[in-house]
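Before any questions on binding or motion, here is one chain by itself as structure tokens, the form predicted alone.
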Amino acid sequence: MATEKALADYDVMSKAFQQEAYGFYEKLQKEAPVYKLPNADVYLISRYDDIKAISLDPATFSNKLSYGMIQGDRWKIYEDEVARRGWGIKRVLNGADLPEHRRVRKYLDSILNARAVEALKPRIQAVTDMLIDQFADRGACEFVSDFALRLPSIIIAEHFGFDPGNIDNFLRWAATISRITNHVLTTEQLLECAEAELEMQHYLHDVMERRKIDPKNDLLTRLVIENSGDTVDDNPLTEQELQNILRDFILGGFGTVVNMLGNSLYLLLRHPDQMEKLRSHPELMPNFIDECLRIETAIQVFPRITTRAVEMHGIHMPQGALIGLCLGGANHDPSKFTCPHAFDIERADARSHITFNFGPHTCPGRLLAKLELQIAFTTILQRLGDIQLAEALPNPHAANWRHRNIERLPITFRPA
């Protein structure tokens, strides 16, 4: 009889953990709803109700965190290098609290509202068809590189008025810079990431300067021109703030939707009955998207930091403690979702997921992400039939304790 695995035996940084992550969260919810990781000053919170409560209490559980929180004292090497040769690091969106966060968020919500996102629908459809055209006749593709990476990259680049020909650089910047929040790096690796950060900053500076001289009909022009005078609270955004807002959109807008696309198709491939149901009942598409977002949460863990000593479930967390909100666990919490590990595109409460976080830090790009997913999968199921894995993928997820993403997804199909 196999011995049940103890919590301390899970290695959250390993690739193998991706196969057992939801079992780990379930065990946390039962045995240790507040769990301090061994050999790390990180407290994991895994229950749905606890995470919602924490998200609504930013005064106690602050979002004001450094990008390099896991790098220790060596993070200053990165900060100093970017400040010396660029515009420095200043968290004004994902890593800010009130009032700074409200000032920026109020403005972003005004340009990423439902009307603005709906206006992008024809372009998202055109890009989706263009990408599928490139591989439809082959009867096979590698879905991540041929489609998932390209769709959100093109849309975000065009949405902000960047050069579509620079997309490969955006992807490289996003992949390189995101390493600082996911892995403990050597000094050499930190400097390599700093070079990517600086390259991106100087590109963004040049584009913003050109927009001042030659405005375009894009969101980047709105960000630059409308912040050249009196704006939000008569306090215009500085270039450093604009740089860091665009940084968050490049890293989040590209990478997160890429992960959502790959995770969702992999779910359909593993559940062909659900794929056929979706083909037969396209009206289920919105609920399918929410169920995919719930069951395969793209960003598994969001960080917070305590501003005072706190006790939860009998566990003392000191002031300055790093908190990991396990959104992936919350979306599988049996106290909230019946049969939480079952993939059911007709699940009545699928929309109750908190994949886009909760409270004041709810993702500002959620409407755009969901629209891209709906158009992508509606078109894929219309244009590609008999979609199957081209090879066995025993563990396709990357080793990444905060994100859940498919590394590669080779598929075969027949043009419909």
Ligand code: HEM
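The shown structure was predicted, so the numbers you read here are calculated from the model rather than taken from an experiment. Numbers for residues come from their place in the sequence shown, where the first is 1.
Beyond the structure shown, there is the form predicted together with the named molecule, which is absent from this document and is the topic of what follows.
Enquirer: Since exactly one of 390, 69, 363, 387 fits, which has a heavy atom within 4.5 Å of the named molecule in the predicted bound form?
Expert: None of the other options qualify; the answer is 363.
Enquirer: Only one of 336, 105, 277, 90 has a non-hydrogen atom within 4.5 angstroms of the named molecule in the predicted bound form; which is it?
Expert: Of the candidates 336, 105, 277, 90, 105 is the one lying within 4.5 Å of the named molecule in the predicted bound form.
Enquirer: Any chance residue 112 has a heavy atom within 4.5 Å of the named molecule in the predicted bound form?
Expert: The answer is yes: residue 112 has a heavy atom within 4.5 Å of the named molecule.
Enquirer: Check residue 368 for me: does it contact the named molecule in the predicted bound form (non-hydrogen atoms, 4.5 angstroms)?
Expert: Output for residue 368 is yes: heavy atoms within 4.5 Å of the named molecule.
Enquirer: Look up in the predicted bound form whether residue 43 has a non-hydrogen atom within 4.5 angstroms of the named molecule, and give yes or no.
Expert: Close contact is absent here: in the predicted bound form, residue 43 is far from the named molecule, nothing within 4.5 Å, heavy atoms only.
Enquirer: Is there a heavy atom of residue 302 no more than 4.5 Å from a heavy atom of the named molecule in the predicted bound form?
Expert: Within the cut-off, so yes.
Enquirer: With the partner removed from view, which of 77 to 85, 162 to 170, 192 to 200, 241 to 249 is the stretch that lies within 4.5 Å of the named molecule in the predicted bound form, judged by heavy atom distances?
Expert: In short, 241 to 249.
Enquirer: Would you check whether the named molecule, in the predicted bound form, lies within 4.5 angstroms of a non-hydrogen atom from each of 153, 381 and 414?
Expert: Contact check failed for every one of 153, 381 and 414.
Enquirer: Taking the named molecule as it sits in the predicted bound form, which residues of 344 to 359 have a non-hydrogen atom within 4.5 Å of it? Please list them.
Expert: Sequence-ordered list: 355, 356, 357, 358.
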